[in-house]
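Single chain ahead, by itself, as structure tokens, in the form predicted on its own.
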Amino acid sequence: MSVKVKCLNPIAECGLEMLPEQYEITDDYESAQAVLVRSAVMHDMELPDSLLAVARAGAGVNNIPLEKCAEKGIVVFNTPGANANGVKELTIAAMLLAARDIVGGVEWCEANKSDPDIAKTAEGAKKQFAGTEIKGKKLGIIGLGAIGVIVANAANRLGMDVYGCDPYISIENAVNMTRDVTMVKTNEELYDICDYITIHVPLLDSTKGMLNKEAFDRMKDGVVILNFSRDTLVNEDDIREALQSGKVGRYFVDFPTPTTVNLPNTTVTPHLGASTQESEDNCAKMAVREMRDFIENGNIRNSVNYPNTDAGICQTVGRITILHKNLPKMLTQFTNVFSKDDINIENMWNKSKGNFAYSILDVCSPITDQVIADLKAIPEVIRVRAVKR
């Protein structure tokens, strides 16, 4: 069976090359089984009944209607960590630019390039651009996901004293982080002691505007704020006031808005964090791998609206997957359907995430159309798919 894939944005060719011949890149969104997307906004788009998966080649998914997709049984994937190194390098660069006024020095040289005695003049002017070193300075990292951890490791190797805060840090990220990082329980502990503060958390209702007047008031005078996550994590009115008063010495932000580009003592970059060729390639390849594993094997990895579930490659006669509401007695209803048709279930996986759940069942007999119809007829079942039959 051909699988139609619609690309809503240009996707790196190295990712598309990973699609085998049964996959077809199509312009017909209405008939697509899968969508690959980067920044295209999908909130006002109709979701065709054929659509099984949306794979976002990047980490943020605020351009995708997650709940609406979940209600229709469309699994949404993202690619956490695929662009982490690009963001890490830009974060480190921003700290160096904040410590040493490199940009100001370059601009001074450009402005004085007609001076025949520029070498001598520069000796007198350089003090205003000299700055400080980052070695020995305290860096506070809010959010220790894929990006935050490698920023912590890099800063530690540069000689900084690194402090991290993340109550939800995964075991994998904790293992990958250097033991020299000091973990604190609250962001406020970072605010009290750190010279630099960088934020690497997703944009949620609970994180929107989290860097605000109350937070700035607790920080050291002249603190440097780095924001390469989302612009609205920082309250723009409050940081303007903090910059004007000198409470915040410098602000580096990767999101140009009518406000940020006019803030004092602020360096704005045009959303460059994950824009390297390597990051785009990594995101494309990871998105394609996730989409293929779901289509071909029913496995879910790095979904933002359904639970991660890995059943490997099916070794039995058939495999069926069920997207459903997270309610009691659902599994009993599924097993009753197979029992009625005298089909033995060899392996079963069931995971839940919020209001939604996902079940994978490997069976020892062919899956009939009647079994699929009976499963679909169960209330609160959203989608049934025979991956192998």
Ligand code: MLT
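When you see a residue number, it is the position in the sequence shown, counting from 1. Keep in mind that this is a model prediction, so the values were computed, not measured.
The same protein also exists as the form predicted in complex with the named molecule; that form is not shown, yet it is the one meant from here on.
K.L.:
Is Ala59 close enough to the named molecule in the predicted complex to count, meaning some heavy atom within 4.5 Å?
P.N.:
Contact check for Ala59: yes, within 4.5 Å of the named molecule in the predicted complex.
K.L.:
At 4.5 Å between heavy atoms, is Lys285 in contact with the named molecule in the predicted complex?
P.N.:
Although the named molecule is absent here, Lys285 would stay clear of it in the predicted complex, with no heavy atoms inside 4.5 Å.
K.L.:
If we define contact as a non-hydrogen atom of the residue within 4.5 angstroms of the partner, is Leu139 a contact of the named molecule in the predicted complex?
P.N.:
No, Leu139 is distant from the partner.
K.L.:
Using a 4.5 angstroms cut-off on non-hydrogen atoms, would Asn83 count as touching the named molecule in the predicted complex?
P.N.:
Contact with the named molecule, yes.
K.L.:
Report the stretch among 50-58, 331-339, 24-32, 355-363 that approaches the named molecule in the predicted complex to within 4.5 Å, counting heavy atoms only.
P.N.:
The contacting stretch here is 50-58.
K.L.:
Hey, with the named molecule in the predicted complex, do Ile322, Lys325 and Lys351 all fall inside the 4.5 Å heavy atom range?
P.N.:
No.
K.L.:
Just to be sure I understand the contacts: of Val149, Val234, Ala274, Val224, which is the one whose heavy atoms reach within 4.5 angstroms of the named molecule in the predicted complex?
P.N.:
Exactly one residue meets the criterion: Ala274.
K.L.:
Which of Arg250, Arg230, Lys88, Arg292 has a heavy atom within 4.5 Å of the named molecule in the predicted complex?
P.N.:
Selected option: Arg230.
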